[in-house]
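A lone chain, given as structure tokens: the form predicted on its own.
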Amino acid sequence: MEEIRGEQVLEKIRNVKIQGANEIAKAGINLFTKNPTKDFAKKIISLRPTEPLLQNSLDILVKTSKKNKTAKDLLDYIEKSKLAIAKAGSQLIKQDMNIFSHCHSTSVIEILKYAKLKQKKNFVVYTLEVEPLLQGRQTAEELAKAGIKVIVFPDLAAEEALRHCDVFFFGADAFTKKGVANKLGTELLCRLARELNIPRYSCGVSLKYTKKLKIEYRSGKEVWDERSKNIQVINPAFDFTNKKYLSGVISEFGILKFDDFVKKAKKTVNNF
């Protein structure tokens, strides 16, 4: 039964049934403790190539002799960072703001819920559907349950949505020294938001920092299950946003300029 449950979790990671880099990493860490081998770590990592939080966590676990203790330490760090990020990000939210968000980010959702539930701030969130897996709808449903008003636009109405907004919060699947990888569309939205003078903040834990980045391409069947030999569907899941388009990073270190964040992130990854 344990093996069957493990395979089910692997499938959920592969098929994006587990959403958000934090949740993917936590699922991967818990799986690894049941089978703490290098080969199994590679298998888990291979499921989602653009997830350095998962990769870094499993690399750390493979190298340590105290696997269960280190797994607990990693899970605790991710959880404590989530609260620190929520507190820091909520400082940027003012009463009656309009906030733009993209895709599904645990960090962004926690920021918004903290501002609403703990600080009693009123604001509206604008977001997109996010084809092809509709993660934007998932974000909208989670926020609505927390009593937050959400307005959902089709993806191609992004500019109209952004024009109503005061700030843009989005997640991070990977940080590098040059910028951030996140859900497809982030780079375009950041450039557009900069043209509209809307501040842009990437939100995530420093353990997402990596020196090597692979952009994941997923099955074209997620977009269109077309069988004609004359039709090809290409489905990049992520894009890369240069740091010049970012106003800052919201992490467990607070709100920092990108290069200041990277200096601290490198130390965290190297010294955990």
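Throughout, we count residues from 1 along the sequence that is shown. As the structure is a computational prediction, the values presented were derived from the model and not from experiment.
The same protein also exists as the form predicted together with a small molecule; that form is not shown, yet it is the one meant from here on.
Colleague: Would Q135 show up as a contact with the small molecule in the predicted complex if we use heavy atoms at 4.5 Å?
Modeller: Yes, Q135 is a contact residue.
Colleague: If we define contact as a non-hydrogen atom of the residue within 4.5 angstroms of the partner, is V16 a contact of the small molecule in the predicted complex?
Modeller: The answer is yes: V16 has a heavy atom within 4.5 Å of the small molecule.
Colleague: Any chance A21 has a heavy atom within 4.5 Å of the small molecule in the predicted complex?
Modeller: Within the cut-off, so yes.
Colleague: For C103, is any heavy atom within 4.5 Å of the small molecule in the predicted complex, or not?
Modeller: Contact with the small molecule, yes.
Colleague: Among 105 to 113, 92 to 100, 151 to 159, 189 to 197, which stretch sits within 4.5 Å of the small molecule in the predicted complex, heavy atoms only?
Modeller: That would be stretch 105 to 113.
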